[in-house]
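Shown below, as structure tokens, is a lone chain in the form predicted alone; questions about how it binds or moves come after it.
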């Protein structure tokens, strides 16, 4: 039964290698990629159901018991995030043929797409810090290839910045893991959690925890480390932007959540005050960026940043309600960012420009796309009863309870400005005079709307069905706030 835990990593990895042999046969590649993605989604749904009913599934690879061997930990949080990843992956693989040209598809798009899913799923499921680094590298290698797919000048320019910043953070990551190993003598997360509590090296461990936060904060695009994100996320093809915006920064947020609830919870007085300051500044600067541009892909890319600020607010407050809000917001934001990147990508594909000043009255040609964007704006901004509202309500409740009044006001103000930034696109691009020079392609618009509607369905369901989803999120929050449950299940085999 424990082998169930590794399949969400093996299925996309083998799929990616398998599809490399059919890269010239586009029709077969598309068909196989869709079938394999659906198969993986069905499997991950079953795994999530098993974990929610029976508890965590732990795989000790090669029968080497933890903490000496490599462990894969499928707990409720990791399987929920892997399930969300595969929902986004299915929308992306359906969208890809209408977004990519023949040359891009034959340049191993589907291979790198599956390797990206492998890296993201592995990062969520791994139970040791060194393999978290390894899976970060797998997803980064795939993202390096995807960002330059198409070979345009702007992609090559932005890829240099993207590669250099991630190379620097990877070097710092592996150095910090080595530093931590020299202090506690293990890289197993559960064992580190035990050893950190035993070792009387508070100063060194605080330094290590800050270094890890710096690494994950760079990948999550927190203030002031977000400067690299907007243009590399908006430069690639729309389907690649959707995968980046929905998944990559969330792996950084997940890592911060896991590390600071499991391994360094006792460092709270030294670290969590810093987290709150960074959360507030990330919210403010992200929203300013979103309002400062007329490029619709850049507006959505900048909106990735304040979302991370909201999640950091919950991690900084570190109460059960706050962590529930962070987990709810994390799942919500993965789905809605995927939908928004696909939406603005559809507008760019249909009009040939990302500058909203060059567009007008698109709702006359593409009414469904217009109303999908209007709905997505309300979901993103947290208008009741959509999913963004549930996550923000929990975070603001926790924030007021912790007497963080200023941060609560910043959060509320930023929510209104986020709504404004998306409504600017709706008013400028879809409202106004009909553009008679545009030759509409309604068939292509319908095809592009299918994966967008698929993701928005989950966003709306997550809000309207909050009573159904919230007990699971509450259970995850309770689990994270009591790390002894994770330690028991990994080191002593008690699920």
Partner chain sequence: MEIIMSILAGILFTTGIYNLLQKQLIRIIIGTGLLSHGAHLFILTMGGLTDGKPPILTDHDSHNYVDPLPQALILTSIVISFGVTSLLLVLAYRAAKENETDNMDQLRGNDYE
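Residue numbers count along the first chain shown, from 1. Worth saying up front: this structure is predicted, and the values here are computed from it rather than measured.
Beyond what is shown, the protein has a form predicted together with its partner chain; the following relates to that form.
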Options 327-335, 255-263, 367-375, 132-140; stretch whose heavy atom lies within 4.5 Å of its partner chain in the predicted bound form:
132-140
Within a 4.5 Å heavy atom cut-off, is residue 102 in contact with its partner chain in the predicted bound form?
no
Answer for residue 158 alone: is it within 4.5 Å of its partner chain in the predicted bound form, judged on heavy atom distances?
yes
Though only this chain appears here, would residue 272 touch its partner chain in the predicted bound form if you measure heavy atom gaps against 4.5 Å?
no
Considering non-hydrogen atoms and a 4.5 Å limit, does its partner chain approach residue 234 in the predicted bound form?
yes
Note: exactly one of 397, 319, 206, 295 sits with a heavy atom within 4.5 Å of its partner chain in the predicted bound form, namely 295
Picking from 148, 225, 83, 423, the single residue whose non-hydrogen atoms come within 4.5 angstroms of its partner chain in the predicted bound form is 148
Within 4.5 Å of its partner chain in the predicted bound form, all of 153, 168 and 182 (non-hydrogen atom)
yes
